[in-house]
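So this first bit is one chain, no partners, the form predicted on its own, shown in structure tokens.
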Amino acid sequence: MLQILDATLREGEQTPGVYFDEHIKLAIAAELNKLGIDIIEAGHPLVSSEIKFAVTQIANNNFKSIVGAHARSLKQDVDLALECGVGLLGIFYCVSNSRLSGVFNKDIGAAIAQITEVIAYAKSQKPDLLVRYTPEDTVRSNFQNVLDASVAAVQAGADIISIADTTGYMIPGTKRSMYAYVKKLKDELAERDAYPKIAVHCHNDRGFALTNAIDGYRAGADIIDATILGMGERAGIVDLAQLLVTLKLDFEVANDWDLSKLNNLYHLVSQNCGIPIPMNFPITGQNAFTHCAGVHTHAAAKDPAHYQSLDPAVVGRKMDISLDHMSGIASIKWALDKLGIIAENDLLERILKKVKSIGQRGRTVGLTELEYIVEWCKKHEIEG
């Protein structure tokens, strides 16, 4: 069964200026657990004592979700993570030739020795611990290095190999295809009698994170990483809501995800990280299910499916109609019906004219203001 790893509390906090207080982290983790997320990556305990404390609190809540921590390929990182009581440990070490020679001053053999020593150590400390090894910047690294390191990691006890598109380098339909990469790595690992779960971690630098993640799934990936609002380094990674909706509704992936929890979860995160949900964001944006143009609203008021491919109720939302300079009589009738107000054609025309004049000043009219407009137009009719 495909699993989703939410990295909001780890990768998400690598968004410049984003930090969640400990009680907010716990609240977010609790909502992710209710949503049915398989793995919650709660943080990198070495970064600060506050993060370590928060990871510990989350890991000891008896969530159905597996709680994980991030670690370098160093025993001190492993020890701190294990002290937190996590069920999954993500260990990363880049094996690109440029990083090996330019940063680590090691050859691939020495790097693999360090990686395997740390993985074996983690397993010896907690045999039931799930260990994920990530060759950071996987897709731009020498493939043989990645393969050799991955095989050795599995032999040392790694349960998961994560393919990291660390710089958003992969482009669907080209030689840099995530689909092709996942297929190739799985096949090469199998030839060496290594059968770990495969994860994909896709950055959005070129805008293809979601597409690459879906390509990874189609090629047989077992785990996909995502964050709320697609937060993360630079342009972030895959947006959680868009990923879940696509997998559940379009690919009919078997899962226990409760998509109706998404709306409240996104508002919780947005309010506490200082990043507004973009108005035009798919699924969770304010305008995602809001219709504006007269032709659209006329049809949508009769049957929303005319201009919606997704029922907003599935994700805890409702269809809305914007009242502004683009509105028509159908929009006004729809809104008045929401208010329980009946208006004759002459009054409807005056209300529409007023709404349009307000819309031309760059505003939309909400239901409360619409009530005021109705009363004003009635009075104006009497005085006229």
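Numbering starts at 1 and runs along the sequence shown. Just so it is clear, the model here is predicted, and its values are computed rather than measured.
The same protein has a further form, the form predicted in complex with ligand HCA, not shown here; the description that follows concerns it.
Taking non-hydrogen atoms only, Glu117 never approaches ligand HCA to within 4.5 angstroms in the predicted complex.
Though the partner is left out of this view, Ser162 does reach within 4.5 Å of ligand HCA in the predicted complex, counting heavy atoms only. Lys25 falls outside the set of residues with a heavy atom inside 4.5 Å of ligand HCA in the predicted complex. Contact between Thr15 and ligand HCA in the predicted complex is not found at the 4.5 Å heavy atom cutoff.
Think of it this way: in the predicted complex, ligand HCA has a heavy atom of just one of Thr297, Thr284, Thr134, Thr227 within 4.5 Å, and the residue is Thr134.
Put simply, of Trp257, Phe289, Tyr179, Phe92 only one has a heavy atom within 4.5 Å of ligand HCA in the predicted complex, and it is Phe92. The stretch that touches ligand HCA in the predicted complex, counting heavy atoms within 4.5 Å, is 200 to 208, out of 216 to 224, 200 to 208, 104 to 112, 301 to 309.
Contacts to ligand HCA in the predicted complex (heavy atom within 4.5 Å) from stretch 265 to 288: none.
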